[in-house]
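In the C-alpha coordinates that follow, a single protein chain appears in two forms: structure 1, then structure 2.
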Structure 1
Amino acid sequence: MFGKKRINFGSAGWFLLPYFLIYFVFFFLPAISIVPMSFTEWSIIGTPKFIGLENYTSIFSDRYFVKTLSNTFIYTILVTVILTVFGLLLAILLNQKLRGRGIARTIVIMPYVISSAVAGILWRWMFERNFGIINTYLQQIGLPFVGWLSDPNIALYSIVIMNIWWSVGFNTVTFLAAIQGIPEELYQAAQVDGASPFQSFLYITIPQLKPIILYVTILCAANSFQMFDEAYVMTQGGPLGSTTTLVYKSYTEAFKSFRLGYSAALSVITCAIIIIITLVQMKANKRNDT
(Lines of atoms letter the chains of each structure in order from A and count residues from 1; the text may use other names and numbers.)
(Lines give C-alpha, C1' and ligand atoms only; values in the text may rest on other atoms or scores of the structure.)
Protein backbone atom coordinates (compact mmCIF):
# COMPACT_ATOMS: atom_id res chain seq x y z
CA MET A 1 0.00 0.00 0.00
CA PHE A 2 2.71 2.45 1.01
CA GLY A 3 4.82 1.24 -1.90
CA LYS A 4 2.08 2.12 -4.34
CA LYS A 5 1.79 5.58 -2.83
CA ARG A 6 5.53 6.14 -3.25
CA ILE A 7 5.36 4.94 -6.86
CA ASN A 8 2.41 7.26 -7.63
CA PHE A 9 4.18 10.19 -6.03
CA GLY A 10 7.32 9.43 -7.99
CA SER A 11 5.37 9.18 -11.22
CA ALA A 12 3.73 12.55 -10.58
CA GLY A 13 7.15 14.03 -9.85
CA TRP A 14 8.55 12.82 -13.17
CA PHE A 15 5.58 14.31 -15.02
CA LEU A 16 6.08 17.64 -13.24
CA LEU A 17 9.85 17.69 -13.68
CA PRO A 18 9.88 19.14 -17.25
CA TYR A 19 7.66 22.02 -16.14
CA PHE A 20 9.82 22.81 -13.13
CA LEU A 21 12.98 22.65 -15.25
CA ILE A 22 11.50 25.10 -17.78
CA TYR A 23 10.26 27.34 -14.96
CA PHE A 24 13.66 27.26 -13.24
CA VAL A 25 15.71 27.95 -16.38
CA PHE A 26 13.49 30.49 -18.15
CA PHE A 27 11.83 32.29 -15.23
CA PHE A 28 13.44 31.73 -11.84
CA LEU A 29 17.09 32.13 -12.90
CA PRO A 30 16.46 35.25 -15.05
CA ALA A 31 14.34 36.77 -12.28
CA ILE A 32 17.17 36.32 -9.78
CA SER A 33 19.91 37.39 -12.17
CA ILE A 34 18.41 40.85 -12.76
CA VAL A 35 19.21 41.86 -9.17
CA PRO A 36 23.03 41.64 -9.44
CA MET A 37 22.80 42.81 -13.07
CA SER A 38 21.08 46.01 -11.93
CA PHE A 39 24.31 47.06 -10.18
CA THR A 40 26.36 46.81 -13.37
CA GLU A 41 26.95 48.62 -16.64
CA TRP A 42 26.62 46.13 -19.48
CA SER A 43 25.81 46.42 -23.17
CA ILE A 44 25.47 42.66 -23.88
CA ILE A 45 28.95 42.62 -25.43
CA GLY A 46 31.88 42.43 -23.06
CA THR A 47 32.06 41.91 -19.32
CA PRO A 48 29.60 43.61 -16.95
CA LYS A 49 31.17 46.44 -14.96
CA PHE A 50 30.08 46.94 -11.35
CA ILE A 51 28.86 50.53 -10.78
CA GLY A 52 26.90 50.18 -7.52
CA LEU A 53 23.70 52.21 -7.27
CA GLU A 54 24.44 54.39 -10.29
CA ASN A 55 21.65 52.86 -12.38
CA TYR A 56 19.09 53.54 -9.65
CA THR A 57 20.23 57.13 -9.14
CA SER A 58 20.07 57.66 -12.92
CA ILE A 59 16.53 56.30 -13.02
CA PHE A 60 15.21 58.55 -10.27
CA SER A 61 16.94 61.59 -11.74
CA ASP A 62 15.52 60.90 -15.20
CA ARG A 63 12.62 63.29 -15.86
CA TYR A 64 11.01 60.76 -18.23
CA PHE A 65 10.86 58.17 -15.46
CA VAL A 66 8.17 60.17 -13.64
CA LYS A 67 6.09 60.28 -16.82
CA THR A 68 6.58 56.54 -17.37
CA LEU A 69 5.66 55.75 -13.79
CA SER A 70 2.59 57.99 -14.03
CA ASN A 71 1.46 56.24 -17.24
CA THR A 72 1.85 52.87 -15.57
CA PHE A 73 -0.13 53.85 -12.47
CA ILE A 74 -2.93 55.52 -14.45
CA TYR A 75 -3.26 52.49 -16.69
CA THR A 76 -3.15 50.05 -13.75
CA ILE A 77 -5.75 51.92 -11.69
CA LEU A 78 -8.17 52.35 -14.59
CA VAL A 79 -7.92 48.76 -15.81
CA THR A 80 -8.08 47.23 -12.31
CA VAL A 81 -11.11 49.25 -11.17
CA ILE A 82 -13.08 48.93 -14.42
CA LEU A 83 -12.32 45.24 -14.93
CA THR A 84 -13.23 44.37 -11.33
CA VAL A 85 -16.51 46.32 -11.31
CA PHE A 86 -17.53 45.49 -14.88
CA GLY A 87 -16.59 41.82 -14.48
CA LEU A 88 -18.70 41.56 -11.32
CA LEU A 89 -21.72 43.25 -12.92
CA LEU A 90 -21.47 41.05 -16.01
CA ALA A 91 -21.24 37.95 -13.81
CA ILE A 92 -24.38 38.94 -11.91
CA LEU A 93 -26.20 39.57 -15.19
CA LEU A 94 -25.09 36.29 -16.73
CA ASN A 95 -26.12 34.43 -13.57
CA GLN A 96 -29.75 35.43 -14.12
CA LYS A 97 -32.14 32.96 -15.73
CA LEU A 98 -32.36 34.74 -19.07
CA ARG A 99 -32.81 33.36 -22.56
CA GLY A 100 -29.55 33.00 -24.46
CA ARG A 101 -27.31 33.37 -21.42
CA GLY A 102 -25.19 30.40 -22.55
CA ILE A 103 -24.44 32.18 -25.83
CA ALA A 104 -23.81 35.42 -23.95
CA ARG A 105 -21.30 33.70 -21.65
CA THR A 106 -19.48 32.32 -24.70
CA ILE A 107 -19.35 35.74 -26.36
CA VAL A 108 -17.95 37.35 -23.20
CA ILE A 109 -15.11 34.84 -22.79
CA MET A 110 -14.23 34.54 -26.51
CA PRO A 111 -11.87 37.58 -26.72
CA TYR A 112 -9.70 36.17 -23.92
CA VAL A 113 -8.96 33.10 -26.05
CA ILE A 114 -6.73 35.14 -28.36
CA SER A 115 -3.41 36.56 -27.21
CA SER A 116 -3.02 40.16 -26.08
CA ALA A 117 -0.72 40.85 -29.04
CA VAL A 118 -3.36 39.69 -31.53
CA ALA A 119 -6.02 41.71 -29.72
CA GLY A 120 -3.73 44.74 -29.87
CA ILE A 121 -3.22 44.39 -33.62
CA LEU A 122 -6.97 44.01 -34.15
CA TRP A 123 -7.77 47.15 -32.18
CA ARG A 124 -4.92 49.06 -33.82
CA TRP A 125 -6.68 48.54 -37.15
CA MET A 126 -10.01 49.52 -35.62
CA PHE A 127 -8.50 52.67 -34.06
CA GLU A 128 -6.71 53.71 -37.27
CA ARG A 129 -7.38 57.40 -37.80
CA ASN A 130 -8.21 57.52 -41.51
CA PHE A 131 -9.47 54.04 -42.37
CA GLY A 132 -10.38 52.45 -39.03
CA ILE A 133 -13.90 51.12 -38.59
CA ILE A 134 -14.54 53.23 -35.47
CA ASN A 135 -13.73 56.55 -37.15
CA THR A 136 -15.64 55.44 -40.24
CA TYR A 137 -18.82 55.05 -38.19
CA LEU A 138 -18.14 58.32 -36.37
CA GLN A 139 -17.93 60.06 -39.74
CA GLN A 140 -21.22 58.50 -40.84
CA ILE A 141 -23.06 60.02 -37.87
CA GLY A 142 -21.45 63.40 -38.42
CA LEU A 143 -18.73 63.30 -35.76
CA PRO A 144 -15.08 64.22 -36.42
CA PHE A 145 -12.26 61.70 -36.62
CA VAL A 146 -10.54 60.89 -33.32
CA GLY A 147 -6.82 60.23 -33.06
CA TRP A 148 -7.28 57.20 -30.87
CA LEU A 149 -3.63 56.19 -31.03
CA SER A 150 -2.07 59.41 -32.39
CA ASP A 151 -3.33 61.87 -29.77
CA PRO A 152 -1.12 61.90 -26.62
CA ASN A 153 -4.16 62.77 -24.51
CA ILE A 154 -6.20 59.79 -25.73
CA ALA A 155 -3.78 57.00 -26.67
CA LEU A 156 -3.40 55.51 -23.18
CA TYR A 157 -7.17 55.41 -22.66
CA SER A 158 -7.58 53.72 -26.04
CA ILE A 159 -5.32 50.91 -24.83
CA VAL A 160 -7.42 50.72 -21.65
CA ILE A 161 -10.55 50.21 -23.80
CA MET A 162 -8.83 47.45 -25.76
CA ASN A 163 -7.65 45.68 -22.59
CA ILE A 164 -11.13 45.79 -21.02
CA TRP A 165 -12.64 44.19 -24.14
CA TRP A 166 -9.95 41.54 -24.19
CA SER A 167 -9.73 40.48 -20.54
CA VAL A 168 -13.10 41.22 -18.92
CA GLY A 169 -14.23 37.67 -19.78
CA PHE A 170 -11.70 36.12 -17.39
CA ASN A 171 -12.94 38.22 -14.46
CA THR A 172 -16.55 37.53 -15.41
CA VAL A 173 -16.06 33.77 -15.42
CA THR A 174 -14.16 33.94 -12.12
CA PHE A 175 -16.92 35.96 -10.43
CA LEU A 176 -19.63 33.81 -12.02
CA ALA A 177 -18.13 30.63 -10.57
CA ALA A 178 -17.90 32.26 -7.14
CA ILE A 179 -21.49 33.57 -7.27
CA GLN A 180 -22.81 30.13 -8.16
CA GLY A 181 -21.05 28.81 -5.07
CA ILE A 182 -23.00 31.09 -2.70
CA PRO A 183 -25.72 29.07 -0.89
CA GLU A 184 -29.16 29.85 -2.29
CA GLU A 185 -30.61 29.60 1.22
CA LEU A 186 -29.01 32.93 2.13
CA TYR A 187 -30.94 34.73 -0.61
CA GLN A 188 -34.17 32.89 0.27
CA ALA A 189 -33.85 33.89 3.93
CA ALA A 190 -33.17 37.50 2.95
CA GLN A 191 -36.20 37.48 0.66
CA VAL A 192 -38.39 36.19 3.48
CA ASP A 193 -37.13 39.00 5.69
CA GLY A 194 -38.15 41.52 3.03
CA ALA A 195 -34.70 42.41 1.69
CA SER A 196 -34.58 44.05 -1.74
CA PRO A 197 -32.35 42.65 -4.53
CA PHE A 198 -29.90 45.51 -3.93
CA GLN A 199 -29.76 44.76 -0.20
CA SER A 200 -29.14 41.08 -0.95
CA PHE A 201 -26.32 42.08 -3.27
CA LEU A 202 -24.83 44.47 -0.70
CA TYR A 203 -25.08 42.28 2.40
CA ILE A 204 -24.83 38.76 0.95
CA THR A 205 -23.10 38.75 -2.45
CA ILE A 206 -20.33 41.26 -1.69
CA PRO A 207 -19.28 39.75 1.69
CA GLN A 208 -19.30 36.24 0.21
CA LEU A 209 -17.16 37.39 -2.72
CA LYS A 210 -14.54 39.27 -0.70
CA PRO A 211 -11.76 36.65 -1.20
CA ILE A 212 -12.49 36.48 -4.93
CA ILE A 213 -12.59 40.28 -5.24
CA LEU A 214 -9.18 40.44 -3.54
CA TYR A 215 -7.83 37.75 -5.87
CA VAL A 216 -9.17 39.50 -8.98
CA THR A 217 -7.91 42.96 -7.99
CA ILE A 218 -4.43 41.67 -7.13
CA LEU A 219 -4.25 39.73 -10.41
CA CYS A 220 -5.51 42.69 -12.45
CA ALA A 221 -3.13 45.11 -10.77
CA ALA A 222 -0.11 42.84 -11.23
CA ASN A 223 -0.92 42.11 -14.88
CA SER A 224 -1.73 45.73 -15.70
CA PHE A 225 1.46 46.99 -14.10
CA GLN A 226 3.39 44.71 -16.46
CA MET A 227 1.60 45.93 -19.59
CA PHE A 228 3.87 45.52 -22.61
CA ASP A 229 2.26 43.70 -25.55
CA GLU A 230 -0.47 46.27 -26.06
CA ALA A 231 1.92 49.25 -26.12
CA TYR A 232 4.38 47.39 -28.33
CA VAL A 233 1.93 46.42 -31.08
CA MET A 234 -0.39 49.44 -30.89
CA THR A 235 1.73 52.55 -30.23
CA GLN A 236 5.40 51.61 -29.71
CA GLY A 237 5.21 53.67 -26.53
CA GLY A 238 4.08 56.82 -28.35
CA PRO A 239 2.90 59.33 -29.16
CA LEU A 240 5.39 61.47 -27.22
CA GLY A 241 5.84 58.71 -24.65
CA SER A 242 2.19 58.88 -23.56
CA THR A 243 1.84 55.07 -23.56
CA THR A 244 5.33 54.16 -22.38
CA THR A 245 5.12 51.97 -19.27
CA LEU A 246 7.84 50.69 -16.97
CA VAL A 247 8.05 47.31 -18.68
CA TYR A 248 8.10 48.85 -22.16
CA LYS A 249 10.83 51.30 -21.10
CA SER A 250 12.78 48.39 -19.64
CA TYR A 251 12.53 46.64 -23.01
CA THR A 252 13.70 49.67 -25.01
CA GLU A 253 16.61 50.30 -22.65
CA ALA A 254 17.75 46.68 -22.97
CA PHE A 255 17.21 45.92 -26.66
CA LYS A 256 17.35 49.35 -28.32
CA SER A 257 19.78 51.29 -26.16
CA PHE A 258 21.67 48.15 -25.03
CA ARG A 259 21.75 49.29 -21.40
CA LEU A 260 21.07 45.97 -19.71
CA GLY A 261 22.08 47.14 -16.24
CA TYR A 262 19.73 50.13 -16.44
CA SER A 263 16.95 47.88 -17.77
CA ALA A 264 17.52 45.39 -14.94
CA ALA A 265 17.24 48.19 -12.38
CA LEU A 266 13.90 49.23 -13.92
CA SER A 267 12.72 45.63 -13.68
CA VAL A 268 13.72 45.43 -10.02
CA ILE A 269 11.80 48.65 -9.28
CA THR A 270 8.75 47.33 -11.17
CA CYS A 271 8.84 44.06 -9.24
CA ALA A 272 9.19 45.89 -5.93
CA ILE A 273 6.19 48.12 -6.68
CA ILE A 274 4.05 45.11 -7.61
CA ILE A 275 4.98 43.38 -4.35
CA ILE A 276 4.16 46.54 -2.35
CA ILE A 277 0.78 46.93 -4.10
CA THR A 278 -0.06 43.29 -3.41
CA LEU A 279 0.90 43.53 0.27
CA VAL A 280 -1.10 46.75 0.71
CA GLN A 281 -4.17 45.15 -0.87
CA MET A 282 -3.87 42.07 1.34
CA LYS A 283 -3.38 44.16 4.49
CA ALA A 284 -6.38 46.35 3.63
CA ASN A 285 -8.48 43.24 3.12
CA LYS A 286 -7.45 41.88 6.54
CA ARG A 287 -8.42 45.16 8.19
CA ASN A 288 -11.84 45.04 6.54
CA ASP A 289 -12.33 41.46 7.75
CA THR A 290 -11.57 42.44 11.34
Structure 2
Amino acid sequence: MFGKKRINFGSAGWFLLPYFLIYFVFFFLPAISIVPMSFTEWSIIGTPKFIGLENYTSIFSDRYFVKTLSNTFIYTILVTVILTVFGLLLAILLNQKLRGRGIARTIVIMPYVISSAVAGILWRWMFERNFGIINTYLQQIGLPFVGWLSDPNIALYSIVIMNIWWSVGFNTVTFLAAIQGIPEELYQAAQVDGASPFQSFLYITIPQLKPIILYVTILCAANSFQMFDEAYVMTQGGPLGSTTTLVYKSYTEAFKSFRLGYSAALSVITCAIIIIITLVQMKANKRNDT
Protein backbone atom coordinates (compact mmCIF):
# COMPACT_ATOMS: atom_id res chain seq x y z
CA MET A 1 0.00 0.00 0.00
CA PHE A 2 2.78 2.38 0.87
CA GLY A 3 5.29 0.74 -1.37
CA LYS A 4 7.29 -0.40 1.66
CA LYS A 5 7.11 -3.46 3.78
CA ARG A 6 4.98 -2.50 6.77
CA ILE A 7 6.55 -2.53 10.15
CA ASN A 8 4.78 -4.43 12.89
CA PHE A 9 3.69 -1.85 15.44
CA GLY A 10 2.72 -4.39 18.11
CA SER A 11 -0.43 -5.97 19.42
CA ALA A 12 -3.77 -4.22 19.74
CA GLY A 13 -5.08 -5.97 22.84
CA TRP A 14 -4.21 -3.47 25.58
CA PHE A 15 -5.30 -0.56 23.45
CA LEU A 16 -8.75 -2.02 23.01
CA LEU A 17 -9.36 -3.39 26.48
CA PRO A 18 -10.56 -0.23 28.31
CA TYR A 19 -13.10 0.59 25.65
CA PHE A 20 -14.46 -2.92 25.38
CA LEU A 21 -14.88 -3.27 29.13
CA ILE A 22 -17.29 -0.33 29.22
CA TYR A 23 -18.75 -1.32 25.88
CA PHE A 24 -19.62 -4.80 27.07
CA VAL A 25 -21.45 -3.72 30.23
CA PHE A 26 -23.17 -0.54 29.09
CA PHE A 27 -23.83 -1.28 25.46
CA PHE A 28 -23.52 -4.91 24.50
CA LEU A 29 -25.46 -6.48 27.35
CA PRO A 30 -28.54 -4.26 27.09
CA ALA A 31 -28.41 -3.83 23.32
CA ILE A 32 -28.07 -7.46 22.36
CA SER A 33 -31.16 -8.27 24.37
CA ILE A 34 -33.36 -6.59 21.80
CA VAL A 35 -32.85 -9.58 19.52
CA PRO A 36 -34.48 -12.17 21.79
CA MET A 37 -36.96 -9.52 22.93
CA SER A 38 -38.18 -9.02 19.39
CA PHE A 39 -39.73 -12.49 19.57
CA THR A 40 -41.73 -11.68 22.67
CA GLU A 41 -44.57 -9.60 23.95
CA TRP A 42 -43.44 -7.41 26.83
CA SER A 43 -44.69 -4.23 28.45
CA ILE A 44 -41.76 -3.70 30.88
CA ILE A 45 -43.70 -5.16 33.81
CA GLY A 46 -43.51 -8.91 34.31
CA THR A 47 -41.71 -11.50 32.22
CA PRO A 48 -41.69 -11.33 28.42
CA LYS A 49 -44.00 -13.80 26.67
CA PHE A 50 -42.57 -15.70 23.71
CA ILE A 51 -44.70 -15.24 20.60
CA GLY A 52 -42.37 -16.36 17.82
CA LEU A 53 -42.33 -14.29 14.66
CA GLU A 54 -45.63 -12.57 15.34
CA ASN A 55 -44.08 -9.11 15.78
CA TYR A 56 -42.29 -9.40 12.46
CA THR A 57 -45.33 -10.62 10.58
CA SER A 58 -47.47 -7.86 11.98
CA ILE A 59 -44.83 -5.24 11.06
CA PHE A 60 -44.68 -6.44 7.49
CA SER A 61 -48.44 -6.64 7.18
CA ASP A 62 -48.92 -3.14 8.63
CA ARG A 63 -50.50 -0.98 5.96
CA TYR A 64 -48.20 1.94 6.76
CA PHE A 65 -44.97 -0.04 6.76
CA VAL A 66 -44.04 0.60 3.12
CA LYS A 67 -44.79 4.30 3.53
CA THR A 68 -42.66 4.46 6.68
CA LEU A 69 -39.82 2.67 4.93
CA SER A 70 -39.92 4.96 1.91
CA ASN A 71 -40.02 8.06 4.14
CA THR A 72 -36.95 6.79 5.92
CA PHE A 73 -35.03 6.11 2.70
CA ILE A 74 -35.93 9.38 0.98
CA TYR A 75 -34.89 11.31 4.04
CA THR A 76 -31.65 9.38 4.49
CA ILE A 77 -30.53 9.73 0.89
CA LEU A 78 -31.34 13.43 0.68
CA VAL A 79 -29.74 14.34 3.95
CA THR A 80 -26.62 12.24 3.42
CA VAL A 81 -25.92 13.60 -0.05
CA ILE A 82 -26.68 17.24 0.71
CA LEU A 83 -24.96 17.30 4.06
CA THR A 84 -21.79 15.66 2.77
CA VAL A 85 -21.42 17.87 -0.31
CA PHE A 86 -22.51 21.04 1.44
CA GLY A 87 -20.41 20.28 4.48
CA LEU A 88 -17.29 19.81 2.36
CA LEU A 89 -17.86 22.96 0.31
CA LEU A 90 -18.49 24.94 3.46
CA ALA A 91 -15.33 23.57 5.04
CA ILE A 92 -13.28 24.63 2.03
CA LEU A 93 -14.90 28.04 2.04
CA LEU A 94 -14.19 28.47 5.73
CA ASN A 95 -10.62 27.30 5.28
CA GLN A 96 -9.85 30.22 2.94
CA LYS A 97 -7.79 32.98 4.43
CA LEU A 98 -10.59 35.52 4.53
CA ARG A 99 -11.40 38.24 6.97
CA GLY A 100 -14.19 37.36 9.39
CA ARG A 101 -13.50 33.66 9.03
CA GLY A 102 -13.54 32.98 12.74
CA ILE A 103 -16.93 34.63 13.10
CA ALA A 104 -18.34 32.83 10.07
CA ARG A 105 -17.11 29.52 11.47
CA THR A 106 -18.74 30.21 14.80
CA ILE A 107 -22.03 31.09 13.12
CA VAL A 108 -22.04 27.90 11.10
CA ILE A 109 -21.38 25.75 14.16
CA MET A 110 -23.86 27.63 16.35
CA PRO A 111 -27.02 25.85 15.21
CA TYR A 112 -25.42 22.50 15.97
CA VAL A 113 -24.87 23.59 19.54
CA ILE A 114 -28.57 24.37 20.00
CA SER A 115 -30.48 21.41 21.33
CA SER A 116 -32.79 19.58 18.98
CA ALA A 117 -35.77 20.52 21.13
CA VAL A 118 -35.16 24.23 20.78
CA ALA A 119 -34.14 24.02 17.12
CA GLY A 120 -37.34 22.10 16.45
CA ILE A 121 -39.55 24.59 18.27
CA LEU A 122 -37.84 27.49 16.49
CA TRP A 123 -38.32 26.05 13.01
CA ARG A 124 -41.81 24.78 13.72
CA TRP A 125 -42.65 28.33 14.60
CA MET A 126 -41.00 29.86 11.53
CA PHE A 127 -42.55 27.18 9.31
CA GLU A 128 -46.07 27.85 10.57
CA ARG A 129 -48.46 27.83 7.62
CA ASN A 130 -50.81 30.59 8.67
CA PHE A 131 -48.95 33.84 9.17
CA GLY A 132 -45.67 32.16 10.16
CA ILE A 133 -42.49 34.17 9.63
CA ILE A 134 -41.45 32.52 6.37
CA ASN A 135 -44.93 32.49 4.87
CA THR A 136 -45.53 36.14 5.75
CA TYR A 137 -42.55 37.10 3.60
CA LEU A 138 -43.63 34.73 0.82
CA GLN A 139 -47.02 36.42 0.84
CA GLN A 140 -45.45 39.85 0.60
CA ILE A 141 -43.71 38.94 -2.63
CA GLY A 142 -46.98 37.57 -3.95
CA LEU A 143 -46.53 33.85 -3.35
CA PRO A 144 -49.17 31.63 -1.74
CA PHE A 145 -48.78 30.16 1.74
CA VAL A 146 -46.77 26.96 1.78
CA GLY A 147 -47.80 24.23 4.21
CA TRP A 148 -44.22 23.61 5.25
CA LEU A 149 -45.10 21.17 7.97
CA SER A 150 -48.80 20.67 7.30
CA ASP A 151 -48.70 19.57 3.67
CA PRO A 152 -48.08 15.80 3.50
CA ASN A 153 -46.11 16.26 0.27
CA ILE A 154 -43.77 18.87 1.69
CA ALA A 155 -43.31 18.16 5.40
CA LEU A 156 -40.47 15.66 4.98
CA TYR A 157 -38.49 18.11 2.84
CA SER A 158 -39.03 20.88 5.35
CA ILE A 159 -37.41 18.65 7.94
CA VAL A 160 -34.49 18.22 5.53
CA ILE A 161 -34.16 22.02 5.28
CA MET A 162 -34.19 22.36 9.04
CA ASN A 163 -31.72 19.53 9.42
CA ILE A 164 -29.21 21.12 7.01
CA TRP A 165 -29.30 24.27 9.06
CA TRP A 166 -29.04 22.39 12.28
CA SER A 167 -26.41 19.74 11.63
CA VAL A 168 -24.15 20.69 8.72
CA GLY A 169 -21.81 22.18 11.31
CA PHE A 170 -20.84 18.68 12.33
CA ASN A 171 -19.65 17.75 8.85
CA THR A 172 -18.02 21.12 8.24
CA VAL A 173 -15.94 20.93 11.38
CA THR A 174 -14.95 17.34 10.68
CA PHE A 175 -13.82 18.23 7.17
CA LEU A 176 -12.14 21.37 8.43
CA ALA A 177 -10.13 19.28 10.87
CA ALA A 178 -9.23 16.76 8.20
CA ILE A 179 -8.10 19.46 5.77
CA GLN A 180 -5.56 20.58 8.39
CA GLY A 181 -4.07 17.11 8.12
CA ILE A 182 -3.23 17.42 4.42
CA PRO A 183 0.48 18.24 4.05
CA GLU A 184 0.86 21.68 2.52
CA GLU A 185 3.79 20.48 0.39
CA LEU A 186 1.31 18.67 -1.84
CA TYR A 187 -0.41 21.92 -2.71
CA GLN A 188 2.87 23.76 -3.15
CA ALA A 189 4.09 21.08 -5.52
CA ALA A 190 0.85 21.23 -7.49
CA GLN A 191 1.10 24.98 -7.71
CA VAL A 192 4.60 24.69 -9.10
CA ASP A 193 3.22 22.28 -11.70
CA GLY A 194 0.67 24.93 -12.68
CA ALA A 195 -2.45 23.27 -11.31
CA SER A 196 -5.56 25.44 -10.89
CA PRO A 197 -7.21 25.61 -7.46
CA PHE A 198 -10.03 23.42 -8.77
CA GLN A 199 -7.55 20.84 -10.00
CA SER A 200 -5.76 20.70 -6.68
CA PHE A 201 -9.14 20.31 -4.99
CA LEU A 202 -9.99 17.41 -7.30
CA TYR A 203 -6.61 15.67 -7.29
CA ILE A 204 -5.27 16.46 -3.84
CA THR A 205 -8.04 17.41 -1.41
CA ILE A 206 -10.59 14.80 -2.40
CA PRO A 207 -8.25 11.78 -2.47
CA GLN A 208 -6.57 12.88 0.75
CA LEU A 209 -9.92 13.25 2.49
CA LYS A 210 -11.22 9.88 1.37
CA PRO A 211 -11.19 8.15 4.76
CA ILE A 212 -12.95 11.14 6.30
CA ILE A 213 -15.50 11.34 3.50
CA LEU A 214 -16.29 7.70 4.18
CA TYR A 215 -16.57 8.49 7.88
CA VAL A 216 -18.90 11.41 7.27
CA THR A 217 -21.19 9.62 4.82
CA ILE A 218 -21.50 6.54 7.01
CA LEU A 219 -22.25 8.66 10.05
CA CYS A 220 -24.70 10.83 8.13
CA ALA A 221 -26.49 7.84 6.71
CA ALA A 222 -26.73 6.10 10.07
CA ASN A 223 -27.84 9.28 11.84
CA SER A 224 -30.43 10.32 9.31
CA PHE A 225 -31.75 6.79 9.11
CA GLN A 226 -32.36 7.15 12.83
CA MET A 227 -33.93 10.61 12.52
CA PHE A 228 -36.25 11.09 15.43
CA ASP A 229 -35.93 14.34 17.40
CA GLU A 230 -36.85 16.58 14.47
CA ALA A 231 -40.04 14.71 13.68
CA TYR A 232 -40.91 14.36 17.34
CA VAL A 233 -40.73 18.09 17.96
CA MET A 234 -41.99 19.45 14.66
CA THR A 235 -44.57 17.07 13.26
CA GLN A 236 -45.14 14.11 15.61
CA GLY A 237 -44.76 11.92 12.53
CA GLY A 238 -47.53 13.70 10.64
CA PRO A 239 -49.29 14.96 8.65
CA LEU A 240 -50.85 11.73 7.51
CA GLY A 241 -47.78 9.77 8.52
CA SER A 242 -45.63 11.60 5.98
CA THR A 243 -42.76 12.14 8.41
CA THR A 244 -43.01 8.86 10.30
CA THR A 245 -39.74 6.99 10.05
CA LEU A 246 -38.86 3.49 11.22
CA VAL A 247 -37.18 4.80 14.32
CA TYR A 248 -40.01 7.20 15.10
CA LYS A 249 -42.43 4.32 14.90
CA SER A 250 -40.30 2.15 17.11
CA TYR A 251 -40.06 4.96 19.68
CA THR A 252 -43.80 5.43 19.91
CA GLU A 253 -44.34 1.68 20.12
CA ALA A 254 -41.94 1.43 23.06
CA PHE A 255 -42.63 4.61 25.00
CA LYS A 256 -46.22 5.48 24.12
CA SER A 257 -47.78 2.08 23.56
CA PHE A 258 -45.45 0.01 25.75
CA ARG A 259 -45.21 -2.76 23.17
CA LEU A 260 -41.52 -3.34 23.68
CA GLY A 261 -41.37 -6.58 21.73
CA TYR A 262 -42.85 -4.95 18.67
CA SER A 263 -40.55 -1.98 19.06
CA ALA A 264 -37.54 -4.30 19.42
CA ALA A 265 -38.47 -6.07 16.19
CA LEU A 266 -38.60 -2.69 14.43
CA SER A 267 -35.18 -1.83 15.84
CA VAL A 268 -33.74 -5.12 14.63
CA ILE A 269 -35.04 -4.39 11.14
CA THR A 270 -33.69 -0.84 11.28
CA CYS A 271 -30.31 -2.04 12.44
CA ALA A 272 -30.16 -4.72 9.73
CA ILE A 273 -30.85 -2.12 7.04
CA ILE A 274 -28.19 0.26 8.39
CA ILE A 275 -25.66 -2.58 8.47
CA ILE A 276 -26.38 -3.35 4.83
CA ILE A 277 -26.06 0.32 3.82
CA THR A 278 -22.76 0.63 5.71
CA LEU A 279 -21.34 -2.51 4.13
CA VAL A 280 -22.25 -1.20 0.70
CA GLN A 281 -20.61 2.14 1.44
CA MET A 282 -17.44 0.48 2.70
CA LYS A 283 -17.31 -1.90 -0.27
CA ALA A 284 -17.75 0.98 -2.69
CA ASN A 285 -14.98 2.84 -0.95
CA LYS A 286 -12.65 -0.17 -1.16
CA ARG A 287 -13.35 -0.60 -4.83
CA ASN A 288 -12.40 3.00 -5.48
CA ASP A 289 -9.14 2.46 -3.63
CA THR A 290 -7.76 -0.14 -6.01
Partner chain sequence: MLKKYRFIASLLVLSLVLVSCASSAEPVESVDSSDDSEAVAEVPAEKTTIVFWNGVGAPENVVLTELVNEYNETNQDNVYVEEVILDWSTLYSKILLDFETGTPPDIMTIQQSGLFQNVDLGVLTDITDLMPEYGFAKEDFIESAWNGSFIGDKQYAVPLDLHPLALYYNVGLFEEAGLDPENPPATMEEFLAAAQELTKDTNGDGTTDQYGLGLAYSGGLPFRLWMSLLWQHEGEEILSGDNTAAAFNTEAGLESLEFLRDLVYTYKVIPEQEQSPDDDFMKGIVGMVISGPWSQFDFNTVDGLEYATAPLPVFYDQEAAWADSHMLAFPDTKDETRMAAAMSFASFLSDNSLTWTQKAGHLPVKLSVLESTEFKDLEKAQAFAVTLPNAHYYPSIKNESLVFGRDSNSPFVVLMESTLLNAMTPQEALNEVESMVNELLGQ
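Note that the rigid core is defined as the largest set of C-alphas that superpose within 1.5 Å between two forms. On a predicted model such as this, the values are computed, not experimentally measured, just so you know. Residues are numbered by position in structure 1's sequence, first residue being 1.
Matching the description of the form predicted on its own is structure 1; structure 2 comes from elsewhere. The Cα position of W42 differs by 2 Å or more between structure 1 and structure 2 after fitting on the rigid core. Superposed on the rigid core, the forms differ at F28: its CA is offset by 3.8 Å between structure 1 and structure 2. In the rigid-core superposition between structure 1 and structure 2, residue position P18 carries a C-alpha shift of 12.5 Å.
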